Each structure stands twice: as C-alpha cells, then as structure tokens.
Ligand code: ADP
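Take a look at this one chain, the form predicted alone, written out in structure tokens.
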Amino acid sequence: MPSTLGYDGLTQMLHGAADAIRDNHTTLSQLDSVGGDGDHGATMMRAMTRVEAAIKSCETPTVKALLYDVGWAILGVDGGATGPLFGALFMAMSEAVGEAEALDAPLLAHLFEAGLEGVARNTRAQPGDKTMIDALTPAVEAMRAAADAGADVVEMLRRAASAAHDGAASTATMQARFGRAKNIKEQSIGHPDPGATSTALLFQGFQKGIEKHA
C-alpha cells in the first residue's frame, strides 16, 4: 500500500469518484425529487464530466495545478449549490498544497481540512442541517484521526468513506434547513440528503480509485 499519494494517485482518486457518481446518479436524482428539482444526479454527472475533462487537459502535471483545474471546472457547473460548494472544496485544497507533490496521510488530511474550510466559507450550513456538511465533516475528521494514528493513505480514505457513508445515512432522520427541501419541512424527514449522499459517494470513489491501483 502506498505511503504517499502523487499526481497519478490523485487522478486515480478522481476517476474513482467520477465512476461512483456515474453508477449512482439515478439514485441521487430520486433523492432530490423529494424536496428539490430532481436534478442533483444530472448535475453531479455534469460535474464529474468536467472533472474528467480537467484531468485530460491539465497542462501542468502537478498536484496543485490538478486540484485547481478540477475546482475551477466544477465551479462552472450550473445547478444549485453543487458547483460553488464542491468547487470551493478543491480550490481550497489547491491553495493549501503549496508545491508538495508527495502527499502523505497527514498532509492529505490537512488538504481536506482546508477544503472543508473552503466549503464552510460558502455556506451557513452546520452539521445537523441536512446538507453535504453532514457527510463531509465526519469524513474529514476521520481522515485526521486516521493520520494521527499512523494510518497510510489507503486506510485513511477507507475510514473517511465509512464516516461519510454514516454521516449521509444519518441525514434521513433530519429536517432540511437549506435548499428547496426546507420548504417541505418535516416531510423531508425519512429521506437521506442528496448532497450528503453524493459527498459520501465521492469518498467511496476516492477509496476504490486508490485501492484499485494500489
């Protein structure tokens, strides 16, 4: 198992994320139809298509450039908060990485912590509000805990994926406080949040992308 992650490993993570969304986009739109427009799956598919195009067209094969290009590509996606929030995640990671090309577990955890902060600057949502924050926050916390415990990047991503999955599942018991779903109030209870679910799928894809090529 790799102890560090470089440019190629990062591309594998991103391709894994795109595959996970592609395999589940119908479910995402079904979840979004409960209180939204029912287009979250299609929006995430557009985002992942842009991600794959950014990987293919990245002219400077550095971690910083790739994260920036991916973030910028997602920012251009139309469809609610998907573009601004997921774009902010990767843009903030790009700002935090500096010139590093070998990402060990502590540094990768730091990048995702910076990404979470980037998302937080673009939303007032907090854990418990039934948004992507409910999956992203526990995933990032799990990454830091794993890194501090000496886990390698593969194990860290495995724990992050598990935490994100549990966080997304927990949103089924919550009442939405953001987005269109907040308008249906208690009727939003009983269904997982589509944004949290797509976030969990991204982390699942990160894990599988790395494991597949480890």
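All figures in this text were calculated on a predicted structure; none of them were measured in a lab. Numbers follow the displayed sequence, beginning with 1.
Below, we turn to the form predicted together with ligand ADP, even though it does not appear here.
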Sole residue of 37, 166, 52, 155 within 4.5 Å of ligand ADP in the predicted complex, by heavy atom: 37
32, 123 and 195 each touching ligand ADP in the predicted complex (heavy atom, 4.5 Å): yes
Segment that reaches ligand ADP in the predicted complex - one of 110 to 118, 140 to 148, 125 to 133, 88 to 96, heavy atoms within 4.5 Å: 125 to 133
Heavy atom of residue 81 within 4.5 Å of ligand ADP in the predicted complex: yes
Residue contact check: residue 188 to ligand ADP in the predicted complex, 4.5 Å heavy atom: no
